[in-house]
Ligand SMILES: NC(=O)c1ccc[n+]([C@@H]2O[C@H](COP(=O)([O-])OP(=O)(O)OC[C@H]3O[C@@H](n4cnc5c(N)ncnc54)[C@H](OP(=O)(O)O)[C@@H]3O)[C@@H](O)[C@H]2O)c1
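Presented as structure tokens, the chain that follows is alone, the form predicted alone.
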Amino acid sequence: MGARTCFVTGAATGIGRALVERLDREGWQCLAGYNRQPPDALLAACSDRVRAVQCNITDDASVTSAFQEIAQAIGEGSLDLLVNNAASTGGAGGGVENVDIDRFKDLFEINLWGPIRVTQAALPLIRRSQDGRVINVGSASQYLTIPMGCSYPVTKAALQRVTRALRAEMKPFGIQATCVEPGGVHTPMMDLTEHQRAELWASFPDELLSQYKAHFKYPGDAIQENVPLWTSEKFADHVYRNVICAKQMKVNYVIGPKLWVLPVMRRVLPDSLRERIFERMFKR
């Protein structure tokens, strides 16, 4: 039996890169998906089992081309693991009152329709595996209520629900699916810039800006003040040992420092109490 094979989207940086490096050390054949930024540093750090595959997950033709390349690389073998990691947080900041709906749609295109598109293309190859798996990377932010920052958590909450449906549908065919929900992981996505801060406040018209600034912190500041960080390498090691190597994957995994409390809060605390907790967290 040859090396097991995986495809990881968004592998040029952050969580995706760390996962490919971890899988490569364990002897996997890794196909590292990227969009605009080739993963040169990743390739230099890994064995020749790692191969870069250009894949814009929002574009049908790009996904089709990527899986033609993947099928050629696999030959008569199987795709044993798909990790839908590529995502974006940007472009749709602001309040529900003023969010740019077209940008919000674009975020869904990346964070929801993209993983669905890739999964559809991957499943014929995954069906060949004796232990095929799909891991969608969601976000623990979906358990929070984030004023002026709901767009990213909303897309990830939708991805979790899609993953649960996929899990039920694939179970009769011996394919497992789960949603990994990271939080407090230091990646380029967490490196908030002054430009992002300015862009969010600039999204408000003048007559609303002072009102929102009077009541709410910049959401990135509130999250950084309250959430400690893991390295992406620590996250990848946890995912490999507890998710990829698990005989039976759980429905979902909330992964990050002290984040287990978030789904517990959702289950046991009254909505009114959780609402007050998040109000204090993001209140100026």
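What you see is a predicted model, and the numbers here were worked out from it, not measured in a lab. Don't overthink the numbering: it's just position in the shown sequence, from 1.
Quick note: we don't show the form predicted in complex with the ligand, though the next part is all about it.
Answer range among 43 to 51, 239 to 247, 65 to 73, 28 to 36 for contact with the ligand, defined in the model of the complex as heavy atoms within 4.5 Å: In short, 28 to 36.
So which of 157, 123, 146, 189 reaches within 4.5 angstroms of the ligand in the model of the complex, heavy atom to heavy atom? After the contact test, the surviving option is 189.
The ligand: the contacting residue among 184, 77, 153, 94 in the model of the complex [heavy atom, 4.5 Å]: Checked against the cut-off, the match is 184.
Classify residue 23 as contacting or not contacting the ligand in the model of the complex by the rule of any non-hydrogen atom within 4.5 angstroms, answering yes or no. Contact with the ligand, no.
Is residue 110 close enough to touch the ligand in the model of the complex, meaning at least one heavy atom pair within 4.5 Å? Output for residue 110 is yes: heavy atoms within 4.5 Å of the ligand.
My question is simply whether residue 56 lines the interface with the ligand in the model of the complex - judged by any non-hydrogen atom within 4.5 Å. Residue 56 belongs to the contact set for the ligand.
Is there a heavy atom of residue 139 no more than 4.5 Å from a heavy atom of the ligand in the model of the complex? The answer is yes: residue 139 has a heavy atom within 4.5 Å of the ligand.
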